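Okay, so here's just one chain, in structure tokens, the form predicted on its own.
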């Protein structure tokens, strides 16, 4: 079980006569457990539109999206409880302010569980647990979420979705606006959540360094079409990145430049700065 796209297209109305084709004839599937997927592509390639189909936030213009056994099509099905589908697939927006609305962190986190008829005491226990999962302690419970830092707001918005215990967690640009250390901390957090819970995590990102270091599968969107579905290694070794308007990770670019300038033959496909430094040391010794 999980999510399966079958020839999915979607267009936005621009006026009463014209439409913008956001995604076109998309087919792929996402497992309910154990995947860490990056969804990448240039601005306007259709990434966010695709992600919003994953929990039936929007409905296909053509084709169907099967979400945990339920087929979502252009026509609404009265037999499907779409809010229940959204409990299986949690979507975290790029900007936390789109999700945060209560006067305290605790009220924000327990809103979802209470909406699904979870008793108040149990919902409060869940709030403590999910706060700990995102690296925040109980001192945050009574704080106003709008007075938190950008990174803290992101963590609270993630905790609010985790409180619903989704099988699949979809995060739209979760590291945008963060410094390199903030990005690393947040990605380590997602990695630990994925490892500890076996949930599938999908992140939308422009950061190829994070894609290379953390994810195991990459979906590439280009002009509304899915043009690549494979491992990060395959993407950066063989795919036409220029055509897709994507860049190489910094470690690869730096090692490639060192090889060219110094006449070395370092394996440039190192995922981390530490691995790159070790590869340089070994090449210099030879």
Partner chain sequence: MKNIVIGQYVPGDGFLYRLDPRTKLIAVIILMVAVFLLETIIELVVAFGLVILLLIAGKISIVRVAKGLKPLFVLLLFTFFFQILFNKEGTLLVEEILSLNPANLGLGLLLTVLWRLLARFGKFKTILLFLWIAGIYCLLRYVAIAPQWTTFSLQIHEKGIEMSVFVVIRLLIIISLSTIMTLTTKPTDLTQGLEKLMRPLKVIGIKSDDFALIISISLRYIPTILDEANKIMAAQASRGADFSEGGLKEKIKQVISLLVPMFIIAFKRSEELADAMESRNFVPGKKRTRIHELSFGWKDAVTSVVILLCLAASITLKVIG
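Residue numbers count along the first chain shown, from 1. Nothing here was measured: the structure is a model prediction, and the numbers come from that model.
Another form, the form predicted together with the partner chain, is not on view; read the next lines as being about it.
Tell me which of 174-182, 110-118, 204-212, 130-138 has residues with heavy atoms within 4.5 angstroms of the partner chain in the predicted bound form?
-> So the stretch in question is 110-118.
Answer yes if any heavy atom of residue 57 is within 4.5 Å of a heavy atom of the partner chain in the predicted bound form; otherwise answer no.
-> Flag for residue 57 set to yes.
Taking heavy atoms and a 4.5 Å cut-off, does residue 161 contact the partner chain in the predicted bound form?
-> The answer is yes: residue 161 has a heavy atom within 4.5 Å of the partner chain.
Proximity of residue 76 to the partner chain in the predicted bound form, heavy atoms at 4.5 Å | Residue-level check for residue 76: yes, a contact with the partner chain.
Closest heavy atom of residue 198 to the partner chain in the predicted bound form, within 4.5 Å or not?
-> Residue 198 lies outside the contact set for the partner chain.
In the predicted bound form, the residue from 192, 125, 83, 71 that sits within 4.5 Å of the partner chain by heavy atoms | None of the others qualify; the residue that does is 83.
Kindly indicate whether 93, 103 and 146 are, all three, within 4.5 angstroms of the partner chain in the predicted bound form, using heavy atoms.
-> Yes, all three are in contact.
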